[in-house]
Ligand SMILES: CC1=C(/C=C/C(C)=C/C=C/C(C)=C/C=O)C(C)(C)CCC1
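Okay, here we've got a single chain as structure tokens, the form predicted on its own, with questions on binding and movement later.
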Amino acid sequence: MDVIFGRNKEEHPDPIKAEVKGELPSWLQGILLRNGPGMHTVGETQYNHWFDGLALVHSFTFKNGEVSYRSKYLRSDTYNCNIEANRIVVSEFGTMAYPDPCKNIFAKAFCYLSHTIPEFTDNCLINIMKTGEDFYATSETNFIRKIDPLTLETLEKVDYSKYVTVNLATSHPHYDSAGNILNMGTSIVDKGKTKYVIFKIPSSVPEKEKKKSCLKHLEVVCSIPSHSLLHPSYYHSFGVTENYIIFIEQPFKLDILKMATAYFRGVNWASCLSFHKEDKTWIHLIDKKTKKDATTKIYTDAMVLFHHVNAYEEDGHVVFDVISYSDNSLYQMFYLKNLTEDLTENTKLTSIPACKRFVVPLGFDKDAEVGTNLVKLPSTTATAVKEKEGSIYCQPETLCEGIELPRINYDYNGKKYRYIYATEVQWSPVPTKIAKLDVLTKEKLSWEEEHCWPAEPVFVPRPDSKDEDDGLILSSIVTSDPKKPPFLLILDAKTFMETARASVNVDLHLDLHGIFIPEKDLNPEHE
């Protein structure tokens, strides 16, 4: 497993031509841009957790039947400080950094005080976000970093909190057909309140402000008060339909007081997250028109979720699919001490991920008897039962087990859809297969190869396609066999048969998330 997780990866800022086997369609022109941790040791110090590593952005560029690869470390303030000090000096979620032991007592005291309300890292290692004509590396803090998608050069640092009062934000925004962004973040104890803030970033600015960032026109859509002032829910993504925003307030919570004192107590911020299995999971349905949350209390059993798959409306119901767990063991699995050679034998998730479908009725009969299942869709076994005080208790339908990192044809985002593309993980936290799930028939197609560890599959639609699955699947594959070079896998999304692979003679890193940028969406300046 050292080949995948433990070793620092070299960057390759100049393009490297890949060896292509198979046929690449002429219409596949653009850049697959991806992000993930690439450096876990700085000098004599090592991060505790795989998710803490310094961000290494990499890309596969498709042009006229050829593929080229490049990678570059994000030159964040965090990266620069660590490299200059030759040790980890900026704290990450799973790794608390401490002052240089050579510092004098006054410098140490100042350092301790400055951590009481921490300034979070700008090591944006999770995803890539498109804002207008710009692209940003993102994580879950209030910082994002602009990058050049062609050269991977790091550009300006942006602080969300200058435009909206949030301390944390998701790295999984949604885009509408016009390219406007919808995202959400947590505002911690602002004016005595802790709330979840949903905000919109327009895709363009007025002509007279052409050189200004779209972020300057950011607007708050609405805010949802947290059920607890000092224990807000952790969340990694949210859902949208044509008329609603879906937010799941799960009992996987951040303890703010513990977080404020973590530095003094010598523990990391991740230790301030805990799963309250006796609590409810609250389902918030925010009406986009009224910008109000549903007045009915809607809930389900305790669960942990990171990824929403998709959501849509059907015959007076909101349907949403998520990947959920019955505990928080996934995060624990990725501490580097657990990612050893015998990972596949000894490291087992205590909760297997399950793709679950929830259905919430809209405008149901208020006079319905207590105990009535309010779901009227014949296509699902999911239920929503009316309770005594008028609240609704939801029980999901399990569509599939053992899949993670779900992606769809994004043209169907917020609409009724049929196909999920994902990695298969079973009981081990590291993917070994890529899967295509038909949510209608529950049939599954998969791709796997010995010694291959696939990344999140990205769907690229064929131009002018009519079918939802008419396109390609792109996934970068790390190999643990030294005789087998890593490669980018290209599958036909309909048949799930291999179309081509582009091998690169580099030490490819296992990444997290990313996007495909069609050639037409690349700013001429980037070209």
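We number the residues from 1 along the sequence you see. Owing to the predicted nature of the structure, the values given are computational and were not obtained by experimental measurement.
There is also a form predicted together with this ligand; it is not shown, and the following applies to it.
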The chain here is shown without this ligand. Which stretch in 190 to 198, 121 to 129, 222 to 230, 395 to 403 comes within 4.5 angstroms of it in the predicted bound form, by heavy atom distance?
121 to 129
In the predicted bound form, does each of 51, 140 and 306 have a heavy atom within 4.5 Å of this ligand?
yes
Only one of 512, 506, 24, 515 comes within 4.5 Å of this ligand in the predicted bound form by heavy atoms, so just point that one out.
512
With this ligand left out of view, choose which of 456, 321, 249, 92 has a non-hydrogen atom within 4.5 angstroms of it in the predicted bound form.
92
In the predicted bound form, is there a heavy atom of this ligand that lies within 4.5 Å of any heavy atom of residue 444, even though the partner is absent here?
no
Contact flag, residue 269 vs this ligand in the predicted bound form, heavy atom cut 4.5 Å
yes
Contact flag, residue 160 vs this ligand in the predicted bound form, heavy atom cut 4.5 Å:
no
Taking the shortest heavy atom distance, is residue 418 within 4.5 Å of this ligand in the predicted bound form?
no
For 228 to 246: residues with a non-hydrogen atom within 4.5 angstroms of this ligand in the predicted bound form?
234, 236
